[in-house]
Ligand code: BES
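In the block that follows, a single chain appears as structure tokens, in the form predicted on its own.
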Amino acid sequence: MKTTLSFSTPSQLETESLVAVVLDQADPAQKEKNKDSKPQLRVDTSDAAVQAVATDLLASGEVTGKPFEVNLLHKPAGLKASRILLLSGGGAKKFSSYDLRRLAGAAVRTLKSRGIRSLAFVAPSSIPVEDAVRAIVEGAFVGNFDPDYYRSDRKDQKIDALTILTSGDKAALEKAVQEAQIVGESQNFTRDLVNEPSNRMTPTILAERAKKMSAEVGLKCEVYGADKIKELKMGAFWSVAQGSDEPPALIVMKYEPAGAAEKPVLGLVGKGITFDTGGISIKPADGMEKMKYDMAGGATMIGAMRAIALLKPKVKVIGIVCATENMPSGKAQKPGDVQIAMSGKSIEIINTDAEGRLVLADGLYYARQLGCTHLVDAATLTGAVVVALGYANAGLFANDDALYDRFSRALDKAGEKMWRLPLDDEYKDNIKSTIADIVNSGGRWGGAINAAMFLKEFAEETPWIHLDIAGTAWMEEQKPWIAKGPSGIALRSLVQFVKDFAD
């Protein structure tokens, strides 16, 4: 999608469709007191001609002003645009760049479904200009993605050109557009990896995609197979891989910019289970087809490394993805087995479906061996996090408050929702083993926390963040701003987190 800035007056721009945001200016407190009060709707622009074309509609009482309400007007009087799309953003006092990002996605999805190929989005004046530009671009790219690759009747629906109508410092805004486009493209790159079925996204193919991407953007990338995994004594990782005929892949991507300090070195570690049957502790058949998404954490790290390489922050970053299938076979590990991780810790296998933490255990420890001073892992790790937080927030765990505060600031800037869960010492009792150092499954209660406590054993004293994205890496249903399917969650926050380290 070609993305450009325009400093023209919105009403004077010739375009297939002009998009403007409608906000309710009413006082929320007064609305709460008087449930029958009417919304005070206004188009968020200083262009009087754009405001005028919407006046009658907004005054008619037909528009409620609720978020994502859509009104499309053809041949609007006083405008050079062929049509204008009015998108409601809810109350003005609460409207933020988070909401604007989703509205941009909704605008793209609304218009492309009608065969429209280009649009011009009026940046709302209520959002700081650079924030608005970034949100519009990122949201538009997310909205332009559809996962129906293999349909023989797939319709060629996409927006080819996006124009953002704004004002301000041209150089700063062009930089914002460029950076936002890199982030949006990288998020869709991640979604593309996750979307592929497991027969078309084996560990070997995932590694090939990572190597190809790395060559294109200037990353160092090494891929190791079973022999190297065994040589490194990654017993936890290998215990999952041993049950599959597909060879595993240890993917290591390095970003080492000229002029960066020796430290910090940020480690981004991703779970890359390209298909998860549950192993011997096999999953129910219902819904198992979705388990192609179990490599979403790994895909996110590959996509993040792409964006980092193109954005060029002055900080060293190492991306590690432990990729394998989790299959039941005569070679597969069994409940009751004891495995020795790379760190030397012994692990009693209680449930072979708790495999993601096993590959991450060796991935985290290996990142430390490579010199990483700060760690972030991402994984579709537990169903328990979905029980706890539903599909709105990812689970966030941290062993270091300062690192959590830094990541929390990145979340706010990136506009992603995550919720911190505890890592209190009391939970450690849940992963004690009578035969080994720890068990790989602490039982049903507090399952997401038990999994995080397991990983903490391998991060040890290294400042570390764990993101459990099991409930947010896949959109269970289509939303106005995003298609059903892979979401690319955490990429924007990870990229912002790395950029902030370089500032």
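The first residue of the sequence shown is number 1, and the count goes up from there. These figures come from a predicted structure and were not determined experimentally.
Keep in mind that the form predicted in complex with this ligand is missing from the display, and what follows is about it.
K.L.:
In terms of non-hydrogen atoms within 4.5 angstroms, which of the given stretches 77-85, 291-299, 162-170, 368-376 touches this ligand in the model of the complex?
P.N.:
Going by heavy atoms within 4.5 Å, the stretch is 291-299.
K.L.:
Using heavy atoms only and a 4.5 Å cut-off, determine which of Ala323, Leu381, Met305, Leu100 is in contact with this ligand in the model of the complex.
P.N.:
By the 4.5 Å heavy-atom cutoff, the listed residue in contact is Leu381.
K.L.:
Looking at Val50, Ile465, Ala470, Val439 here, can you tell me which has any non-hydrogen atom within 4.5 angstroms of this ligand in the model of the complex?
P.N.:
Exactly one listed residue reaches within 4.5 Å, namely Ala470.
K.L.:
Examine Thr202 and determine whether its closest non-hydrogen atom to this ligand in the model of the complex is within 4.5 angstroms.
P.N.:
Outside the cut-off, so no.
K.L.:
Check Asp276 for me: does it contact this ligand in the model of the complex (non-hydrogen atoms, 4.5 angstroms)?
P.N.:
Contact with this ligand, yes.
K.L.:
I'd like to check something about Arg357: if you look in the model of the complex, is any of its heavy atoms closer than or equal to 4.5 Å to a heavy atom of this ligand?
P.N.:
Contact check for Arg357: yes, within 4.5 Å of this ligand in the model of the complex.
K.L.:
Although the partner isn't part of this model, could you tell me whether Ser408 comes within 4.5 Å of this ligand in the model of the complex, counting any heavy atom of the residue?
P.N.:
No, Ser408 sits far enough from this ligand in the model of the complex that none of its heavy atoms falls within 4.5 Å.
K.L.:
Enumerate the residues of 325-354 that have a non-hydrogen atom within 4.5 Å of this ligand in the model of the complex, in sequence order, or give none.
P.N.:
Asn351, Asp353, Ala354, in sequence order.
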